[in-house]
Structures are given as C-alpha cells and as structure tokens.
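Take a look at this single chain in structure tokens; it is the form predicted on its own.
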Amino acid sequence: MFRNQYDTDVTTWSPAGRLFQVEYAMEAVKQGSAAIGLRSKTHVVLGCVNKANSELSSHQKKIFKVDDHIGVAIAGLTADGRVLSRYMRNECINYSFTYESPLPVGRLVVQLADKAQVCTQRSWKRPYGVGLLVAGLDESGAHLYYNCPSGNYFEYQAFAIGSRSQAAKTYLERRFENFKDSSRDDLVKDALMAIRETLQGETFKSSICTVAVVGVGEPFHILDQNTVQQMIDAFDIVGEQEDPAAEPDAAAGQEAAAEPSAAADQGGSTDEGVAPMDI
C-alpha cells in the first residue's frame, strides 16, 4: 500500500469508493501473530501464537476472558484488543446485573461491531487496529464470530487471522466438516495442529502457544502449559505411528518394485509428510 491524497482522513472517500484508513487497520490485523478458533455443537476452542519482542521479554497476552461463557482471541494491536475486551466485560456485567442472565453472544458481537463502526465515521477517531475472534456459548448453542476493524462481523465454523494464517485456514478448510460432531479433545487437537501450520521453522511447544476452551458445563478457561504440552507430545507419537502404516497401502497401489526402492520411497514420503508441519 502506498500513501496517497485520500488516506489522510478516515472519512475521506477515494474515487474508487475505498476508505484507506480502514484498509490500513485491516492490514494491521494481518501483521499480528496468528489466532485461530473452531467450534463444535457443544464447545469452542481458541488458540494463538505467543510472540515475544526479544528473548529477554515475555509475550503479550492474546486471549482474554470476557465472562464465564465468552472469551476472545486477538490479532493486531494488543492495546486496542485489551481496551475492547474490557468494554465487552463491562457490557456482560451490566447485562447480568440488569436481567440476571448471561448476555447472548450475538448481541455482544453486534454491540462490538457498532463500536468499531463509529470509528470509521468520525474524523477525530481512528479505526481499531485489531481483529477479534469471539467464542461463546448461550441458549442457542456454541458460537464463533470474527469482528473486523471495519465494523463487519461474521460467524464461522472455524477461522484463522493474523500472519501466516492462510496455512491454518487451509488446514481448517480440509477438516471443518468434522468439527460439528467433534469431541472436546479432538477439537483441541485440531486447534493445535492448525497453530502448528502457522509456524515457520520453529519447534512446536506449549510455551509458544495458548489454548482456551468454553463449552457445555465448562466455563471459559485457558489450558495450562503442562496439559498443552502433553497433547503436543501425543500428536507426535500418533504421527509417527500413522505414517508408516499408511505407506504400505500407498506402495501396494503401485507396480511391484524391489525392496530397497520401496524403502527409499517410504523414507521420501515420510519426509514430505513432516516438512509442511515445520513451515
């Protein structure tokens, strides 16, 4: 994107009908560390990648609890996400005090979208530079929404935002049809696998990711690192056991070959299966 005469003010339209300041805010979301969300009939799982500015600093918090039945994961400007999560928390408290019942997830998402939209229509304000994945559970079931800096919001079965999120989207698109009937543990496993897809050459461990769950009979909470690490270790074991079992089936479908050649093919295909997970 290049600076031009139509991007000095958020209320200035370009001849092509674009608001460049809003597009710049959406670009800030793409530059943030990845966040993913996926849901079944009974549970919603949020996950994010933890990135520290240096080896001497801790990472910034990317997942926030809003209420017992709602939580958010953010990508973009963390400060903006913190302010919006506090706004959402206040809305939940006020609704609960007034009506003595939990705030429906859809209503909160609309209020959040309206708040973001105001910043695209006031010259003395700027759009929020953060995207939010809102996970929640109410009387109508489990929900996963994405709130955009433009004021738009969308409901998803699974979604990913942030840098290198396209790799996670590709994984989720291949698997999303199974999410609706997935168990809680299977949903967490798919979330971790999607997070792993966004990493580039980094060792996948619990210290560089955060996972949170909300579901029926389970208030929103962040899983501790030991639990996440145990799941990651289990995935590696499963992957090692499944790959060799799959190779003989693939080899049987080909023409007969010498055993050394078959062994070489198996070794090459195993490397091909592992390499994409390290990207």
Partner chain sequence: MNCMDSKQPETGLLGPESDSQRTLYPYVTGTSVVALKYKDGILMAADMGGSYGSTLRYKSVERMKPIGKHSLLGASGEISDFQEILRYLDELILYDNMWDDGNSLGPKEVHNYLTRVMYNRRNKFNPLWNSLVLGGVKNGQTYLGMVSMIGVNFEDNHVATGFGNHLARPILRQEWHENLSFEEGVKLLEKCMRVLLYRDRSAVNKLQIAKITEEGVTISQPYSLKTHWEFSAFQNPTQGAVGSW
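All figures in this text were calculated on a predicted structure; none of them were measured in a lab. Numbering follows the first chain given and starts at 1.
Just so it is clear, the following notes concern the form predicted in complex with its partner chain, a form of the same protein that is not shown.
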Open item on the list: Each of K205, D224 and F235 having a non-hydrogen atom within 4.5 Å of its partner chain in the predicted bound form: is that the case here?
Closed with: no
TODO: Spot the stretch among 184 to 192, 121 to 129, 103 to 111, 163 to 171 with residues whose non-hydrogen atoms come within 4.5 Å of its partner chain in the predicted bound form.
DONE: 103 to 111
Open item on the list: Residue-level question: is Y95 within 4.5 Å of its partner chain in the predicted bound form, judged on heavy atoms?
Closed with: yes
Open item on the list: in the predicted bound form, is there a heavy atom of its partner chain that lies within 4.5 Å of any heavy atom of F154, even though the partner is absent here?
Closed with: no
TODO: Check each residue of 138 to 152 against its partner chain in the predicted bound form and list those with a heavy atom within 4.5 Å, in sequence order.
DONE: E139, S140
